[in-house]
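Given as structure tokens, the chain that follows is alone and in the form predicted on its own.
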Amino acid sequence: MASKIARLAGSRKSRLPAVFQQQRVNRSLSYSATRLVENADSESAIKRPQGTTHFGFKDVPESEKETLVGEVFSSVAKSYDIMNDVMSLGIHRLWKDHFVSKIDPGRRPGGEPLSILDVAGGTGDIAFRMLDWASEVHNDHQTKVLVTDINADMLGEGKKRSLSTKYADGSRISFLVQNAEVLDSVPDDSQDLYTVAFGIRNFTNIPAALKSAHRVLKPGGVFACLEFSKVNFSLFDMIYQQYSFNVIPMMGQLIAADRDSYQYLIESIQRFPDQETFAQMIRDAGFETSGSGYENLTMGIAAIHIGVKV
């Protein structure tokens, strides 16, 4: 399995909707209360009415979540990098560099250039890193990345950024609005590598998105996901929870005049499955994993998940 992976992966007001504005979580939510909510989450998922899903700590109709999440990311699109700096204390840049080095994208000697699909990749942050890696490490100037996102505002930021890079001519990177749960413009068995970074927790139907990932990958293709996860050291977790719920929304207000979007993003992390559960979801979608299927970063604040389509 490891050999397959190594070979292949070569001042603005909040625009959130009323459902979020009317049901704000207590801004001074304590660590103990956070844990109670988190521990009850599995029960709420079981009792959740059919046809509903979570939006942060609230249950909403599945048909509405796409719009609600879309408004969040339209609101934060222009300050997306700042948002990630605030949410990770700037460490997300190191995590992304490690993620790209781990999947090691690029054409191997005697091989073909790769077709890479970067899902929920709006601003192009991961895509540019992968193209740089392919060029600098593998002398590969032909591998291409298709960046998809359901949010046109995020893709607009990526297109704008691409104009100031060496990929400005568009020959190696392209941008396309797509729903990750369907990917109706991406053919079956067409991609060597599928990446998604800090996006999958916002999907309405994660199992459907994983099935779509499996469908579009070639046999032997690699699924690679970088996502916020569950801290595995209790004392550090307590500090991180306090920072998350008390500091990050306040910073969102100060930096982007948008506290509500940052509050949702923190809640979305709490509602995302733990590492073991998500690794099993990847296997259930048809992927094979090596070992546990994931690597924890910074004591589990984030994790990398890898699966191979066999």
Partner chain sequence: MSSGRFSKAAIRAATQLTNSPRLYHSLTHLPPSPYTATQIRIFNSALNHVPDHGFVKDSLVLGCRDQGYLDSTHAVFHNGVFDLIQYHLYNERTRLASLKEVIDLEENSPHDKARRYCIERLKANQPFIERWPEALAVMGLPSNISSSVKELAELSDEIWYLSGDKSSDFDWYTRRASLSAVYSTTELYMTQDNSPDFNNTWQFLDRQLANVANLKTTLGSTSTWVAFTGMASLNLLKSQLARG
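Positions refer to the first chain, counted from 1. Just so it is clear, the model here is predicted, and its values are computed rather than measured.
Form predicted together with the partner chain: not shown, discussed below.
No residue in the set S88, R201 and G300 has a non-hydrogen atom no more than 4.5 Å from the partner chain in the predicted complex. Listed stretches are 101 to 109, 88 to 96, 170 to 178, 139 to 147; the contact stretch with the partner chain in the predicted complex is 101 to 109, by a heavy atom cutoff of 4.5 Å. The shortest heavy atom separation between T52 and the partner chain in the predicted complex exceeds 4.5 Å. At least one heavy atom of P219 is located within 4.5 Å of the partner chain in the predicted complex. In the predicted complex, L210 stays away from the partner chain, with no heavy atom inside 4.5 Å.
When the partner chain is considered in the predicted complex, L114 lines it closely, a heavy atom lying within 4.5 Å. Of all the residues from 269 to 293, those having a non-hydrogen atom no more than 4.5 Å from the partner chain in the predicted complex are Q280, D284, E288, T289, S290, G293.
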